[in-house]
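Let's start with one chain on its own, the form predicted alone, as structure tokens.
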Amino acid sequence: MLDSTSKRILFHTGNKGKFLEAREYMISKGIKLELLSDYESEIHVIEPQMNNFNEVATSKLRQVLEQIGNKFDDDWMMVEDSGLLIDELGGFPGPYSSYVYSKIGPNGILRLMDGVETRSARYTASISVWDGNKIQSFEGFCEGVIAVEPRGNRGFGYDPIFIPIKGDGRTFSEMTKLEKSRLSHRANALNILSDAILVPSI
């Protein structure tokens, strides 16, 4: 269990947007979340080509642990893998979301969806955490639909084309951070994680 008064979690990610979202949420839970790269800038992780978010996150976390050795024995380590799964495209881009985003972006996804009526999709976030003894994994989801055009200028990734079902019709990019955090896959996973690892207050 994590004692939030004396422990912190170091998050390895190259996506500043992910970190800022996660840090803001964890602050609300009383958990200190910091970027590993602020202390160790030479970590290089190879993105494994796997079909499962949990396997990808765990693989990346193991790579991080191998590179840091025992330098951060007093800290927990965290890695996340997340992505967008579109039903009409057979779950594409899925675990390849980051790569696909770098190649075709949200507009490329919309071109693939041109004329498609069934636009159901979901965001998935899988978080793997090392507590000094073992790796634990936590997964969160957010059901939604793909918009017909990009909307909004907040968020990152596929947020401009993703409309959460439990929202009010706006895309994630049209929402504030707080609004998105109430619905997002990442917040869902972080909530499950924090409930599982925090030492209960007496």
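Just count from 1 along the sequence shown to find any residue number. For clarity, every value in this text was computed on a predicted model and none was experimentally measured.
What comes next is about the form predicted together with a small molecule, which does not appear here.
At a distance threshold of 4.5 angstroms between non-hydrogen atoms, E174 is out of contact with the small molecule in the predicted complex. Among residues of the shown chain, G157 is one whose heavy atoms approach the small molecule to within 4.5 Å in the predicted complex. The shortest heavy atom separation between Y101 and the small molecule in the predicted complex is within 4.5 Å. Taking the partner from the other structure, the small molecule in the predicted complex has no heavy atom within 4.5 Å of any heavy atom of E34. Listed stretches are 80-88, 127-135, 67-75, 112-120; the contact stretch with the small molecule in the predicted complex is 80-88, by a heavy atom cutoff of 4.5 Å. Only one of E47, E40, E139, E55 lies close to the small molecule in the predicted complex, with a heavy atom inside 4.5 Å, and it is E47. Taken together, the three residues R23, N153 and R182 lack any non-hydrogen atom within 4.5 angstroms of the small molecule in the predicted complex.
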